[in-house]
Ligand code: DGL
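Below you'll find only one chain, the form predicted on its own, shown as structure tokens.
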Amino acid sequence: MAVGIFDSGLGGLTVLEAAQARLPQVDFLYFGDSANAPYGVRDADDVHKLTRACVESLWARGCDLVILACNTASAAALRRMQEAGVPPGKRVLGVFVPLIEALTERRWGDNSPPREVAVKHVALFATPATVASRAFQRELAFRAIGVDVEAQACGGVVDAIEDGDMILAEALVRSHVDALKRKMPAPEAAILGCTHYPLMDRTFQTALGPDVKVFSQADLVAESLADYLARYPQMAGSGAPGYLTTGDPARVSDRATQFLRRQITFRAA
């Protein structure tokens, strides 16, 4: 059995690692669309088309439940896929839900009117496509009022991470944090709205300062997944675990091994 985890490239490995630590009894099949990464600079229709094709591939491989471990895909494709209809016995879930649950301190099923929450000034760091979608702000507005969200499109960060150039990635993060602070000098919380960004969480925290609470998605998504599978154990699926990529398996394996500091071997999708 295996739960599918999809990302445009390698960023979703942060979610996978947290999920494996939280759910050691569950197998996972990871699918990275590295041949088409990054998604963050593509338009919404393109992201939807690519995401749907990859998710359908995971469904066909026996993954009844697929997690979109990609904020851009969650922002641009998830709602359209759900509205178009999901095959019986299949589910696809995004990564915004656990983040907003944590920020607003209310469960997703809580449909009471929006209310004030403790955090008033939030910095959102995300890809250009996620920022343009305003999906995070839209979902947050259903649950909270009085929250000022300042979004910063972090161009180049995902490309640098995918290329293994962490020095460039760190420099870009510092530059983007500086740009955000010019618009919002004193954020109370920061959302790392891309699953690549936990690889740079220390750089974000250092640049933001110790008084800013940084919300990183991996552990939040893993905990939410554990809760979901406890309620719906049949969604663990029947597929075989492993790592798939649309890119060059040897190159992607090298990058993944570098990121997670353990041997990761990808197969061609």
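This is a predicted model, so every value here is computed, not measured. Just count from 1 along the sequence shown to find any residue number.
The next section is about a form of this same protein that is not shown, the form predicted together with the named molecule.
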{"query": "In the predicted bound form, Gly32 touching the named molecule (heavy atom, 4.5 Å)", "finding": "no"}
{"query": "Contact test in the predicted bound form: Val158 vs the named molecule, heavy atoms, 4.5 Å", "finding": "yes"}
{"query": "4.5 Å heavy atom contact, Phe204 to the named molecule in the predicted bound form", "finding": "no"}
{"query": "4.5 angstroms heavy atom contact with the named molecule in the predicted bound form for Phe28", "finding": "no"}
{"query": "Stretch in contact in the predicted bound form with the named molecule, which is absent here, among 34-42, 204-212, 57-65, 226-234 (heavy atoms within 4.5 Å)", "finding": "34-42"}
{"query": "In the predicted bound form: members of 194-220 within 4.5 Å of the named molecule, any heavy atom", "finding": "Cys194, Thr195, His196"}
